[in-house]
Structure formats: structure tokens, C-alpha cells
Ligand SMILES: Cc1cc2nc3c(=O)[nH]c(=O)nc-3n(C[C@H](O)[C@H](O)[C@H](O)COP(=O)(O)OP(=O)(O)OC[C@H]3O[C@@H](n4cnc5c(N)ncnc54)[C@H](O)[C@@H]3O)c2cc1C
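The chain below stands alone, shown as C-alpha cells; this is the form predicted alone.
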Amino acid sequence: MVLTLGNYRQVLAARTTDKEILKNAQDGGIVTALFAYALENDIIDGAIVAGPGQLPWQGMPMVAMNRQELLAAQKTKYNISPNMKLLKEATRSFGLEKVGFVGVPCMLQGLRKAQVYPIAMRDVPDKIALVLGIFCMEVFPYQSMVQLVEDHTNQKLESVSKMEIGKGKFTVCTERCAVTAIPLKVTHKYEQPGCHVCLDYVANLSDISSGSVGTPDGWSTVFVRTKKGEAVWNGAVAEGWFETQPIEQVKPGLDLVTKLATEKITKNKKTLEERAALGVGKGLRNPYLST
């Protein structure tokens, strides 16, 4: 059996009702609103997020401990933000007892492994209170993203107001509303090579995962995956933090999510097989597919 979309308890279309969060959101504002709700309700006392770095659109891990810090970290950066490096420090230097964490699928593999085998992570695993995941096909090293944008849009990153991947294109919007759409076949050479051995598109190991694929502009597809995630999600919906629609009633719907998840698995499984043929297969196991 192929666990293309992972295990989940609910899947739906959603967007936040918080206008301040939605105004600057990448899509439906799911991650920012969930962490804001969790902070207000003492579910977490801080969250490790991809904040702004020193360079334009550079992702840099940060511990957000209030709403303003969450707002400062909004929007997808599309380059590597090593959020795992702050996990231990969040509990030691920041003194967090209930840690929120957001990451792409590869980060969550490391985080869950650290919970099971807490080597050099003493007293950390039991403080992970809420894990949010983001759909991810691949990311770019920072310098590669600079070259991708500047070479193919003739724009400096400083002038970019938003980047997004969808409908087969990497789209770059500037502050002056100029829009350039780059076919994804052009972006492949800029991708982080490590992404090509990842078989998870929808963040299977999160408590709640979300992404724009499957829902109309301004909305997100949300998978509620764990009992803990469901308690948080249901509480936030009950307090009016989100408006929702059945996923069956929106376009393009879950079929597109399944299609892209399958494409990632199929493509990257070939990379795994090629590496195994080189004699390095012993350490590369497929955690999501039965054999």
C-alpha cells in the first residue's frame, strides 16, 4: 500500500478569519493563526519558525514568543531555514516548556527521530507540544534562489514582494506588481540535491500539515493528522479562528494533492534506487512505502 498522503483524521479547505494574519499570509494563514491561537491558549509558550534573515528573503530560524514575532515570520521563503538547530536552544536558552515547531517534511523526520532516540536531546522531546508541517516538493539553497530570481526575472530579491509555486510555475511578484512565471522545468537545476531523496510531500509526520495545493487562491488544504492536532484544530475552529469548507466542495481538490505527492515519490524513488545501485542503499530507507 502506498501511503501517498499519510495518515490523517480530517482533511479540509480552510483559511484564517484573522484579517491581520490573512493580509500578509502566503495562502490561508494556517500556520501563523494556529501558533497564535496556541500561544493565546497556553498550548505552547513559543514556536520555532522560519523568520527573516539578514538578506532579502533569507530564511533564518527564530523562536517566536508573541504575535508580532509570528507576523514577522510570515510567507514562504523557499530557501533552507534549519529550524531543527534551535530545538534544544528553545528549551535551554529560551526556557520553553511547550514548544511549537513548523517545518518541511525532512525536518519533521529529524524531529520525530529525535523524539524516539533523544541522543544529545535530554529533556527536549517531551517539551515538543505542537508540530506543524508544510507541503514541500523541494527548496533552494539561498544563493541558488538569488541566481534563479535574478537570472530569470531580471529583478533583485530586494524588490520581490512574494514568491509561490503552483500550476507548474515558480512565480515571482515585485513590489511594483510585476509578475514573472518561470516553468518548473527551469528551476530544477537550482534545487537542493538532498530534496531528491525525500518521499514526503504533505508532511506526514506533523500534527497538522497544510499547503496551497488543492484549494483556491487564498485558501489552504489542511490535514489534521494526530489526536493532539485534532484537539488543537477543533479548539481553534470552535473559537472562530478559521472558516472551513469540505475538501470535496473545492477545486482542484484532493486529486491534485495526491497527484503531486505521487509524482514526488515516483521521481525521488528513482534517485534512491540509483544511489542504492552505487552501494550506498543500506542507509537509505523508505519510511512511507510498504515493500
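The numbering used is simple: start at 1 and walk along the sequence shown. On a predicted model such as this, the values are computed, not experimentally measured, just so you know.
There is also a form predicted together with the ligand; it is not shown, and the following applies to it.
Looking at the ligand in the predicted complex, residues 44, 67 and 233 place no heavy atom within 4.5 Å of it. From the list 76 to 84, 174 to 182, 147 to 155, 122 to 130, the contact stretch for the ligand in the predicted complex under a 4.5 Å heavy atom rule is 76 to 84. Taking non-hydrogen atoms only, residue 204 never approaches the ligand to within 4.5 angstroms in the predicted complex. For the chain shown alone, residue 220 is a contact residue for the ligand in the predicted complex, at least one non-hydrogen atom being within 4.5 angstroms.
Contact between residue 213 and the ligand in the predicted complex is found at the 4.5 Å heavy atom cutoff. Among heavy atoms of residue 96, none comes within 4.5 Å of the ligand in the predicted complex. Residue in contact with the ligand in the predicted complex (any heavy atom within 4.5 Å), chosen from 104, 208, 90, 111: 104. Of the residues in 112 to 148, those that come within 4.5 Å of the ligand in the predicted complex through at least one heavy atom are, in sequence order, 134, 135, 136, 137, 138, 139.
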